[in-house]
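As a starting point, one isolated chain is supplied in structure tokens, in the form predicted alone.
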């Protein structure tokens, strides 16, 4: 059999591990041929591909990013997108396509399968850990470790200079990175998209620390966190092909507001793309490898419209429709537990 594979959306530590697992097991165990499409959905739309052999994937397990390239191309932004993908599959005699990506890539995969009947299955990928129907996505563990390392380093300079430091991490709709790295790094305030924050309460917690003789504070904020309406200014941005606004800027706004309201020197560090670049952790390499093996097994059995998911310690196949039905966000009770360490 012959299968295609693509990586879409933001790059993520562990993508190459998935590709490697699909190729190694697909070629050696199943005897398949694997084509890699370049730059997400652009690849199958434009029939831009490369053959993935065992030799082509040697040495990529520990590498960040993706050897196939990625993009935020939306196949439904052009009228002939789905038809051209179908034509590419037919022209290359492919039995199916494996799409590795987050909510947008998997959402497109679900529509291409459900509405257009294309033989597609998905593999969940996102550092935000917000894909439904799976307990965790690869890339999240690496992002949390990177953010935690940064918070650890910022603690020492914040304490030395008696400053407040705001650390902005990724997380558009879900605050998993902020919550986990904030807890692991001993942050004094954690702000997440799932709950609007009160800037006055943030400043009160910082003031309480000063009153206790702790003349610095670490505030971890997810990029998608929002203040209670009307309490402080926020910044918007342009949108991508899937209609998502480009985020960033909440850290700088908090810096200004905290310093203005408390009178204490405050600085911001935006971790940005550092969180999703570089070498994946051992956990992410293993999880990504398990997902890749499960995906090529499912493709071999023509289990289209599904994706591998982590359930406890097991890898199970779930419906793509269930995975993209709603985002996996931080439960309020989990955030409430973290609040015990604020201030």
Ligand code: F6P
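For clarity, every value in this text was computed on a predicted model and none was experimentally measured. Residue numbers count along the first chain shown, from 1.
As for the form predicted in complex with 6-O-phosphono-beta-D-fructofuranose (F6P), it is not shown, yet the points below apply to it.
Contact annotation: residue 38 falls outside 4.5 Å of 6-O-phosphono-beta-D-fructofuranose (F6P) in the model of the complex, judged by heavy atom distances.
Using a 4.5 angstroms threshold between heavy atoms, residue 77 stays clear of 6-O-phosphono-beta-D-fructofuranose (F6P) in the model of the complex. Contact between residue 223 and 6-O-phosphono-beta-D-fructofuranose (F6P) in the model of the complex is found at the 4.5 Å heavy atom cutoff. By the criterion of a heavy atom within 4.5 Å, residue 171 is counted among the residues contacting 6-O-phosphono-beta-D-fructofuranose (F6P) in the model of the complex. Taken together, the three residues 72, 273 and 276 all lie with some non-hydrogen atom within 4.5 angstroms of 6-O-phosphono-beta-D-fructofuranose (F6P) in the model of the complex. Heavy atoms within 4.5 Å of 6-O-phosphono-beta-D-fructofuranose (F6P) in the model of the complex belong, among the stretches 211-219, 225-233, 120-128, 105-113, to residues of 120-128.
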